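Have a look below at one chain only, the form predicted on its own, in structure tokens format.
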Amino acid sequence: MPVNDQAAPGRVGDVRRRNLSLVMDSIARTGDAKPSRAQLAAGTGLTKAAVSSLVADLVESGLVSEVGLYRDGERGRPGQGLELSSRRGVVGMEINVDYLAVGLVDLGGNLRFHSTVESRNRGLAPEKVMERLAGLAAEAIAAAAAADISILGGGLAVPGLVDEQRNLVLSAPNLHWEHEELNPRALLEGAPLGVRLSNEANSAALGELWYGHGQPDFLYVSGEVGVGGGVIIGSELYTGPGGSAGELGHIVVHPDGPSCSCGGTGCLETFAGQEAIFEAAGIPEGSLGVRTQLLLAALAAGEPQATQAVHDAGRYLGVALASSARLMDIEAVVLGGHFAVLAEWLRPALLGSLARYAPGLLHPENLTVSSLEHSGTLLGAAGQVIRSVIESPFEFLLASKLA
């Protein structure tokens, strides 16, 4: 809420911090509406003079841009619209088991550059993987320079449990990484906000929240070599006390099932993970892109082995979601990764399991496919840094003046 600018002298700095955040967030929430200063004043409850002063700082810093001219009414001078700057950006980066990806996202959430390369990262030393990723990050930096976009920072997502504060990957079983320290800042030397480390599925869930369907409560299911989950409650990411909430891939769906990379047996990942589906479908070894096309072609042709493999994956995914629905009272699920690609063939068996094991708890209309395709994780990784700027623009302004 707005704070009166006539507060006690010792609190003036705090007042301005809060009001800068309020104005920045108000601009972000309006999206394409591009509010004027007068509209911001009316919406925030701040005086027009206060809004003008705050906006001047945000425009001068390059965080906010003035766009167009229009009248709010019949009388008075036309106002200028305001939007989060397209000349400031954040680089989202992703390490997964069989690929690397980077994306350049401007403050308005627009993906300005996106590149993905296949890379067999399982068992490779983190230093080698980071070296490969640095090459892709350099492409994003070059794209930003060509578009006259200043990079504020970056986000790096990995398929494992992380300690963000120590830049530590605590456990990433499918990469064969345990307690591996990374140096993500080296990927974007000189970026004032550095590079933030996060979990891949959590980042994808946040990407969906901010740039996708935008529901306040849902479970995001990430389908890659592993199976991950991100829990959004009240438009906030829930990670649990130890940061490992949402590990959907390691819910046991068959007690006597195969061994899993986590050390357990019968986990969802052993039936519905990418490699598990390829193997069950009889898809030969090869690049991810080729194997995916072979699987889709087999499904389209009604090939029995492929159809059965995807049916089984959907059935066991439904079992896991039924348990999750009962435990967490979730009402919506968003499918991402290969689950989104295979949704047409997965969905019947998945809904059958839900109807059998959790009747009435998850309506079919609330089982949706991510609209972000393969960019959700990048958008979420970058979006966490963008949100930090929106929520605390004063810190960025201060850092800029000290630089």
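Computed from a predicted model, the values in this text were never measured in an experiment. For every residue, the number given is its place in the sequence shown, counted from 1.
Below: the form predicted together with another copy of the chain, not depicted.
Of the stretches 128 to 136, 272 to 280, 239 to 247, 286 to 294, only 239 to 247 has residues with a heavy atom within 4.5 Å of another copy of the chain in the model of the complex. Shown without its partner, this chain lists Leu100, Cys262, Leu170, Ala143 as candidates; in the model of the complex, only Cys262 has a non-hydrogen atom within 4.5 angstroms of another copy of the chain. Among the residues Lys48, Arg29, His363, Arg356, the one placing a heavy atom within 4.5 Å of another copy of the chain in the model of the complex is Arg356. The closest non-hydrogen atom of Arg87 lies beyond 4.5 Å of another copy of the chain in the model of the complex. A residue is said to contact a partner when one of its heavy atoms sits within 4.5 Å of a partner heavy atom; Val195 fails this definition for another copy of the chain in the model of the complex, lying far away. Under a 4.5 angstroms non-hydrogen atom cutoff, another copy of the chain in the model of the complex lacks Ala300 among its neighbouring residues. Another copy of the chain is not shown here, but in the model of the complex it comes within 4.5 Å of a heavy atom of Val319. Highlighted residues His254, Ser324 and Met328: every one comes within 4.5 Å of another copy of the chain in the model of the complex, counting any heavy atom.
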